[in-house]
Each structure stands twice: as structure tokens, then as C-alpha cells.
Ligand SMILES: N[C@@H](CCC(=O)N[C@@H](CS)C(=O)NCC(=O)O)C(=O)O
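Single chain ahead, written as C-alpha cells, the form predicted on its own.
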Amino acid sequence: MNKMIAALAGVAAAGIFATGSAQAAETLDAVKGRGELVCGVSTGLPGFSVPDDKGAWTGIDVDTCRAVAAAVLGDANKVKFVPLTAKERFTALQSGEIDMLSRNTTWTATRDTSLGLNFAGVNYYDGQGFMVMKSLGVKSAKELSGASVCIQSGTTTELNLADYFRLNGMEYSSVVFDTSDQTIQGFEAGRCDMLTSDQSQLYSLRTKLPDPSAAMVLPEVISKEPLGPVVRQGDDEWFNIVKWSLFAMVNAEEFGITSANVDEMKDSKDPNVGRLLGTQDELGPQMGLDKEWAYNIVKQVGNYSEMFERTVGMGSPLEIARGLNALWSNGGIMYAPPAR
């Protein structure tokens, strides 16, 4: 009897998995059919995903979405952005409310293996840190035993914070908020001694203070936080498209292809350039895309360096140096598999 029940359960599970996979496999067709990519982003994080005063979304996560739209639809502007809190983001992707998630989301083992999701690469290598008001007079997080800490719920920062303070024999109290905007408002109002988040977010949130120069990011980096786009499991075709849209921008930077010179680079004798831009081995059709999928990305969105600099880099209000996000050939760890 137990064997029969187990067998029936296995059949049911297989049926559910097959149904889920079939639904997931329709992503590319669904995007093409509606003529629009639906992309989950944050509720507003400068440098990553935030609407400007005219309602247009900007940021490195936004441009990652736009790159996929350029690859699939030939138009980087055909994106519907759906703002999501940290608590909402995974459910929205799992349920099919969005086609992809690009929301400063850390790639972890638990998220990668237990949620039915796949991370499609890293668009920003980050690490968790701490921000305090300079008036507090501290230079290190290790001076803050007994501190109150503003933190966003539903993020990897909660566990990292607990681990760090426990490891260093320190006490703290959490002041938890649902959104990043609420955390910086709480910090500004003095509800906590320090704010913890990914360092990139700290620099971003600091710009929202009345006097950004009054706050400082402490030197400690207590975790690895590889951030990147996420898709549902069960649709390898869509997984490949999102992954290679990001890789196309990284490879374009390595080959010296920019939005300004991409047209003339189509005449390059370098076979690596030809393969990426579709003048030689047509990689696009292998993914169900036009042969100029990568050309459209670079022409309309730019290479990785262009995307980084205008959103979070030295050409942006955040003024974050490339650091780990420099190409592997320039002292960083940003690296894409070869386009061949």
C-alpha cells in the first residue's frame, strides 16, 4: 500500500513539474506575443532601478531588462517595469506576474536551489556594509556593540548581520522596515545608530539624505553579494536569452564595441566581433532570436562599461569605482564566457 501511495505521489509530482515546465517554456513566445517584456524591479533604488521625475525608469537593473528587450523584441524601450518589495519579488516571478526579475537580488544557494528559480549571471558584484552619521564619531562597525540597526526585511542582510555580530561577540537590536526608502527615512529620523545593506545600496540611499555628506560608509565589508537577474526554472531557452543578453554587454566591452562605434565594428575582421554582432556564425537563431540580437543590445543600451558608468559609476551621482566590477583583464572579476 505504501509503495502504491508513493508511486501515485511520484506520478502527481511529475505531472505538476511537467505542467510548470510547459508554462515556463512559453516565456519567449509570451513576450513576443504581447510585444513587451515585463520586468520586476525595486520600489526605487537610485543607480539600480528608480523612476525619474517623468516616470522613466533608470539604473543598472533597468538597463539589464532593456538589454533583454532589445535582444528579443529589437527595441530596448518595450519594457513594462513592475516595482516590487523584497518580500514580493520571488512570488511575483514564481507566479508568472513578471517575465524576469532584475532587482538588486543576491545569488545564494538557498534561492538558487529551493525557490524554483535560476540566476542568470551577475550584473554587479557587491558586499554588505554599514552606514552611520559622522556625528556618531565611529570609524568601524566593531565600535558599535549594543547599537540599533535599520534593516530591510526579506533580504540576505538580516542573516549576515546576525552572523557578523555573533562572530564578534557584540549585541545589537534590529529596527526592521519593508522598503529601502523606509530604512533611510528611519535612519534619517534617528531611529537607529546605523543602517546596513549592500554597499552599493548604502551609497544610493545616502543620496536621499538632506545632507549626504553628513553620513559615511564604514570600511567593513562582511559578505559576498553577487547581484543579478533571475528567471523561473524549467525554461532553458529563456534562461539562455537573459544570461547571454548580460554576457553580450560584457563581451562587447572586452572587444571595444560601444554604442557609438558598433556600426563600424560590424566590418571588423576579428571573428569574435563578427560572431557577437551577427555578421558571422549566427548565435541569435540558436536562441530563437534575430541574428542582430547583440547588435541591438549594444546599439540601444551600450556595453557593460557604458551601463555601469552612467548608472552607478563615476559618471553618476553615486560615483562608485569599478572595483570588483572591472573586467577580469583590468583587475576585476567581471567575466563572460566566449561568444562562439
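From a predicted model like this one, the values you see are computed outputs, not experimental measurements. Start at 1 and count along the sequence shown; that's the residue number.
Not on display, but discussed next: the form predicted in complex with the ligand.
Asks: Just give me the single entry in 89, 206, 232, 243 that has a non-hydrogen atom within 4.5 angstroms of the ligand in the model of the complex.
Replies: Residue within 4.5 Å of the partner: 89.
Asks: Please identify the residue among 94, 148, 179, 268 with any heavy atom within 4.5 Å of the ligand in the model of the complex.
Replies: Here the answer is residue option 179.
Asks: Contact between residue 105 and the ligand in the model of the complex at 4.5 Å, heavy atoms?
Replies: So residue 105 counts as contacting the ligand.
Asks: Hey, in the model of the complex, does residue 44 get a heavy atom within 4.5 angstroms of the ligand?
Replies: Yes, residue 44 sits close enough to the ligand in the model of the complex that at least one of its heavy atoms falls within 4.5 Å.
Asks: Though only this chain appears here, would residue 152 touch the ligand in the model of the complex if you measure heavy atom gaps against 4.5 Å?
Replies: Residue 152: contacts the ligand in the model of the complex.
Asks: Though only this chain appears here, would residue 84 touch the ligand in the model of the complex if you measure heavy atom gaps against 4.5 Å?
Replies: Output for residue 84 is yes: heavy atoms within 4.5 Å of the ligand.
Asks: Which one, 210 to 218, 73 to 81, 224 to 232, 137 to 145, holds residues whose non-hydrogen atoms are within 4.5 Å of the ligand in the model of the complex?
Replies: Correct option: 224 to 232.
Asks: Does the ligand, in the model of the complex, lie within 4.5 angstroms of each residue among 258, 303 and 322, using heavy atoms as the measure?
Replies: Checked in the model of the complex: no contact with the ligand for any of the three.
Asks: At a 4.5 angstroms cut-off on non-hydrogen atoms, which residues of 196 to 223 are near the ligand in the model of the complex? List them in order.
Replies: Heavy-atom contacts to the ligand in the model of the complex: 197, 198, 201, 205.
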